[in-house]
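Here you get one chain, nothing else, as structure tokens; it is the form predicted alone.
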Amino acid sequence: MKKARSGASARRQIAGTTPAAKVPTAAAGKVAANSRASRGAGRRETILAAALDEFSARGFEATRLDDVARRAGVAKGTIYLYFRDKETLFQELVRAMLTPVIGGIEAMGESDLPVNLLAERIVDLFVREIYETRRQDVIRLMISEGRRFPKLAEFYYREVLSRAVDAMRALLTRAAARGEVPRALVEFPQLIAAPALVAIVWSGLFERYAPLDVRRMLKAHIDLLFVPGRVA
């Protein structure tokens, strides 16, 4: 697997900015205001990308806002214009990186398509939008740091995990009513995501020794879960 990208790559995944176009002089004031807002948004994204680099390299406890500011190329005081403290910075990083993906999962959870088709789409979403991007670094951070920092774990559960679980449970409830999946999956939708967490842990620890074909592994998992005629 390619190494996780940093800097500009992380900024692209957090959000993109578009420079203001030239407009008539009469609208110069509005253009200036839009330009300032654009620069502010760009600076915020730069800080978030730098924070991801620092948290990934040092962990949450060892990372200092001075380190984030230095990597972002801003004064430390600039960080406080956008984030109250280090915990808020971490929370906003989680929200900026993962909320769009969770929104996609929730949209799938509202769909009434056959569950095996939806499962394949979720696999594609995970591989494309998480496993092959720096978003997996955020999840790996929560795996390693969540136990030591319960407030961060609570925030992650509320903003990310509970929403994903609820979406999957809604999807599986409808699928179970149609006889497509075992009822046990409705009670334990975490079983759907378990191999994805294995993939993230594996990539951080063992990828250099034994590369994992994540897409094929997740597809095999779907095939095992949704064997025709095995619903109970």
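Start at 1 with the first residue shown and count on from there. Here the structure is a predicted model, which is why all the values come from computation and not from measurement. What we label the rigid core is the largest C-alpha set whose atoms superpose within 1.5 Å from one form to the other.
Omitted here: the form predicted in complex with another copy of the chain. The next part is about that form.
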Check your understanding: Exactly one stretch in 42-50, 170-178, 65-73, 183-191 has heavy atoms within 4.5 Å of another copy of the chain in the model of the complex; which is it?
Key -> 183-191
Practice item. Using a 4.5 Å heavy atom cut-off, state whether Arg84 contacts another copy of the chain in the model of the complex. Key: no
Review point. Hey, in the model of the complex, is Glu154 touching another copy of the chain, heavy atoms inside 4.5 Å?
Key: yes
Check your understanding: Wondering, does Met142 line up within 4.5 Å of another copy of the chain in the model of the complex on heavy atoms?
Key -> yes
Check your understanding: Is there a non-hydrogen atom of Leu125 within 4.5 angstroms of a non-hydrogen atom of another copy of the chain in the model of the complex?
Key -> no
**Study point:** Members of 177-210 lying within 4.5 angstroms of another copy of the chain, judged by heavy atom, in the model of the complex
**Key:** Pro182, Ala184, Leu185, Glu187, Phe188, Gln190, Leu191, Ala194, Pro195, Leu197, Val198, Val201, Trp202, Gly204, Leu205, Phe206, Arg208, Tyr209, Ala210
Check your understanding: Any chance the CA of Phe60 moves 2 angstroms or more between the shown form and the other one, core superposed?
Key -> yes
Review point. Superposing on the rigid core, is the CA of Lys86 displaced by 2 Å or more between the shown form and the other one?
Key: yes
